[in-house]
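Just the one chain here, laid out as structure tokens, in the form predicted alone.
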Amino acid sequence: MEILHISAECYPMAKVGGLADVVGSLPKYQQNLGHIAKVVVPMYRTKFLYDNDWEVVHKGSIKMGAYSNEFTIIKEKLNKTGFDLYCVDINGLLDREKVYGYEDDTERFTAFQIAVLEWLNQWNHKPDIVHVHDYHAGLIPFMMRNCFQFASLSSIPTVLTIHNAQYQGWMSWDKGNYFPAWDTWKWGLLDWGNTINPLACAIKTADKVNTVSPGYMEELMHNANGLEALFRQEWAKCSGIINGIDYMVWNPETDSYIMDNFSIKDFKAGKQLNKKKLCDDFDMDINLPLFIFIGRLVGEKSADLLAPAISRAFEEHGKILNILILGSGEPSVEHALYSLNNKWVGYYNTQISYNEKLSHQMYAGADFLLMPSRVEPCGLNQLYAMRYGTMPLVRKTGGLKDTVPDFGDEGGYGITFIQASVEDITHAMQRAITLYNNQKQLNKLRETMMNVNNSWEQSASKYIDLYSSIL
């Protein structure tokens, strides 16, 4: 079958978070299964855009209210991503360096979606499935069914994947004239709480809705930033599919970013050499347990709890651990974490940045990964960590609950806790320090977690089954 993925992010073209990793990996594995998978994203002005060769495949125009815009569709020539990657260019709207964060994001993503459908309307053949990701593409199922000029697309089945339901793309009703002429009797499909809500609209109009873990779908029935009743109403078409990770990218045996490659057969020596590089680079003691945090420094990740939890850990245990933080986000959180650099010299360091190479080195060399998230639809960091033999310390929520069983339970290989609190985080760290002092047990758990298959192969097959159920 042929699948068209529509998304605001796709690694390596444009990445802010896990959405990019999923959209950059799932289509590749669907191709490996013998299907045709294509991806279309906005043409941001990113390094990947300038470093690669592209060809123009379509030109057209759209109208949004009183405004008309020309658009261009380009395609990456060499198939470097493992699938056909297309970008939509609209001068003045999509020609930006950043993915999000502009005052006209509503106009930008609405124009992007209309342009994609204008282009799709011109195809000589039609894809078997249109797969939209998050609210940035959430109006597409509605427009395919209810905008008159897209009538030829109305029979194509649609799937919505929700990567984070906290962001819904709310629009005031005075922007309803942005859409091509539509059946106004269907206004209720757009409305939620007296605003146009693209995510709610997609939940109502897509043929199937899935989230990136079964646990997160269960949570959305009770905690979905105002959409709880809608999820309960539409539960029959909702499901959860755990994300996978790209084993061609996240592979300690071939990873070019890390100091020493290793496999499950020689992980002890391999991790030790990678840990030595990290400790040398940040002036830390290799003999102490090394904890890391990698990610956005925002409330959803409980990043605001890290500084007080880290301070308490040092105050309670003394200088018997190392901690390395990599990320960026809310200025107050960045400041709180960075200010600890001078307090625990030789045992703690914060790098305020996005650094792909360093993140790989940290997964390879660390002993423990901190993930105390308040919200975690699936989580990929814990899967990366386990692939490299680094034990995750996670709060039992969403996909973390689904993928990291506690080592105290039969067959478990991680450390879990219940509350997003300083007390629970520090207690989990205490358990980790105790475990670190039993290297034989720790290495056995590392071997277990490295043997777990978290690749996209299984998840990609489940998506194919989902598509087949509506074809």
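A residue's number is simply how far along the shown sequence it sits, counting from 1. Bear in mind the structure is a predicted one, so any value in this text is a computation, not a measurement.
Quick note: we don't show the form predicted in complex with alpha-D-glucopyranose (GLC), though the next part is all about it.
Heavy atoms within 4.5 Å of alpha-D-glucopyranose (GLC) in the model of the complex: does His163 have any?
Although alpha-D-glucopyranose (GLC) is absent here, His163 would touch it in the model of the complex, with heavy atoms inside 4.5 Å.
Report whether the minimum heavy atom distance between Lys301 and alpha-D-glucopyranose (GLC) in the model of the complex is within 4.5 Å.
Flag for Lys301 set to yes.
Is there any non-hydrogen atom of Leu380 lying within 4.5 Å of alpha-D-glucopyranose (GLC) in the model of the complex?
Within the cut-off, so yes.
Using a 4.5 Å heavy atom cut-off, state whether Met449 contacts alpha-D-glucopyranose (GLC) in the model of the complex.
No, Met449 stays farther than 4.5 Å from alpha-D-glucopyranose (GLC) in the model of the complex.
Quick one: find which of 150-158, 249-257, 314-322, 371-379 has residues within 4.5 Å of alpha-D-glucopyranose (GLC) in the model of the complex by heavy atom distance.
Of the options given, it is 371-379.
Of Asn197, Gln113, Asn243, Thr205, which one comes within 4.5 Å of alpha-D-glucopyranose (GLC) in the model of the complex, counting heavy atoms only?
Going through each option in turn, the one that passes is Asn243.
Which residue, Ala137, Cys201, Leu85, Val212, is the contact with alpha-D-glucopyranose (GLC) in the model of the complex, using a 4.5 Å heavy atom cutoff?
Selected residue: Val212.
Within 4.5 Å of alpha-D-glucopyranose (GLC) in the model of the complex, which residues of 1-39 have a heavy atom? Give them in sequence order, or say none.
Stretch hits, in order: Gly18, Leu19, Val22.
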